[in-house]
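The chain that follows stands alone, in the form predicted alone, written as structure tokens.
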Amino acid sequence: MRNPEQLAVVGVTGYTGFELARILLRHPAVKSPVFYVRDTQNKNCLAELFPQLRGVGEAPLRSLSLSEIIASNAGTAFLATPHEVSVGLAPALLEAGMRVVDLSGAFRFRSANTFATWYKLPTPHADWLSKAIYGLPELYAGEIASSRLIANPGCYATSVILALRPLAEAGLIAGGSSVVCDCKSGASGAGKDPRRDLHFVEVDENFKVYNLFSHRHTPEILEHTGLPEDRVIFSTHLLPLARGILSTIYVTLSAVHSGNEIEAIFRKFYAGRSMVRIWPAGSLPELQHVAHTNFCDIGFCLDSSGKRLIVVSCLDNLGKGAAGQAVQNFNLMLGIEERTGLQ
């Protein structure tokens, strides 16, 4: 019988994978994690690959082998792998009786066509899409707890959805109005693979926009806010810093509201959800407030008319936007306090 607390972690060499390893190695409920990578570089221990983990990272490092993972006693697998790799690994692990938390975009959509259109990849995993739960604990904690397949959300999507969902559910967004989601991320959000546009001299002292009208997190935002595509303007920018996402979101309200009313709506929606911190009306969070944490901080300003609202949502793209949120989902699957290992 598989032990859900015994882990197989696949893909630890990227920024997200390393952050995931760092959290799991200190997690009080995790037993005997084994880390799998394509190239071990003749290392047998994770701390040999990452010296900064010495003292906590003396965990086995293995060459990626699907058969070896299946033959192990691991009950849960984390996949910090590219989308096309997760597509192949996750179904086989699930069929072997394991739980899977996938950090790629492979299982984030119900529709195979949505995945194929936005990710430009085939969908041999289409039969599993309806079984996956979107891993945003503040919205779907009950479903996550009973699921065997978690699709961890995108980092930008997390920041935008958490800011907009309370307003959308309360019917506060004016019909027919556009919602502008102006988002900025640190360079680690682009991954670790070498690219010319991510070289230090290209990023340092620079600021640019990218993937306008084509960013892969767009359909996540639409699906989980309920807003139609023609009403959402989603722009993404690259900041000259390592980590963090700040989303500035412009909303026209359907009726006049006070700052206290808007704050009350956010606080009621996220009551009991300790990983989302709501700031007082008129106060705005900054990236330094959430760096190296699993918090999403949300603040807002309302203009004098009471109808023009600007929401600011901040999180660490490697924490609440990726690895930290994956562990939060894992905690819910284990039935333990969801902040375990994240404070």
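Note that residue numbering follows the sequence shown and begins at 1. Bear in mind that the values here come from a model prediction, so they are computed numbers and not experimental data.
Although not depicted, the form predicted in complex with a further copy of the same chain is the subject of the following passage.
Trainee: Could you tell me if all three of D204, V232 and L302 have a heavy atom no more than 4.5 Å from a further copy of the same chain in the predicted complex?
Mentor: Yes.
Trainee: Looking at the partner-bound form in the predicted complex, is T123 within 4.5 Å of a further copy of the same chain by any heavy atom?
Mentor: Flag for T123 set to no.
Trainee: Is there any non-hydrogen atom of F295 lying within 4.5 Å of a further copy of the same chain in the predicted complex?
Mentor: Yes, contact at 4.5 Å.
Trainee: I'd like to know if A112 sits close to a further copy of the same chain in the predicted complex, meaning any non-hydrogen atom pair within 4.5 angstroms.
Mentor: Taking the distances in the predicted complex, the answer for A112 is no, it never comes within 4.5 Å of a further copy of the same chain.
Trainee: Hey, in the predicted complex, does H257 get a heavy atom within 4.5 angstroms of a further copy of the same chain?
Mentor: Flag for H257 set to no.
Trainee: Tell me, please, which stretch of 113-121, 99-107, 132-140, 186-194 lies within 4.5 angstroms of a further copy of the same chain in the predicted complex when heavy atoms are compared?
Mentor: Answer to the contact question: 186-194.
Trainee: Find the only residue in S67, S63, Q52, N42 having a heavy atom within 4.5 Å of a further copy of the same chain in the predicted complex.
Mentor: Of the listed residues, the single hit is Q52.
Trainee: Of A59, V37, V30, L287, which residue is found within 4.5 angstroms of a further copy of the same chain in the predicted complex when only non-hydrogen atoms are counted?
Mentor: Only one listed residue qualifies here, and that residue is L287.
Trainee: Going by heavy atoms, what in 252-272 lies within 4.5 angstroms of a further copy of the same chain in the predicted complex?
Mentor: Sequence-ordered list is empty.
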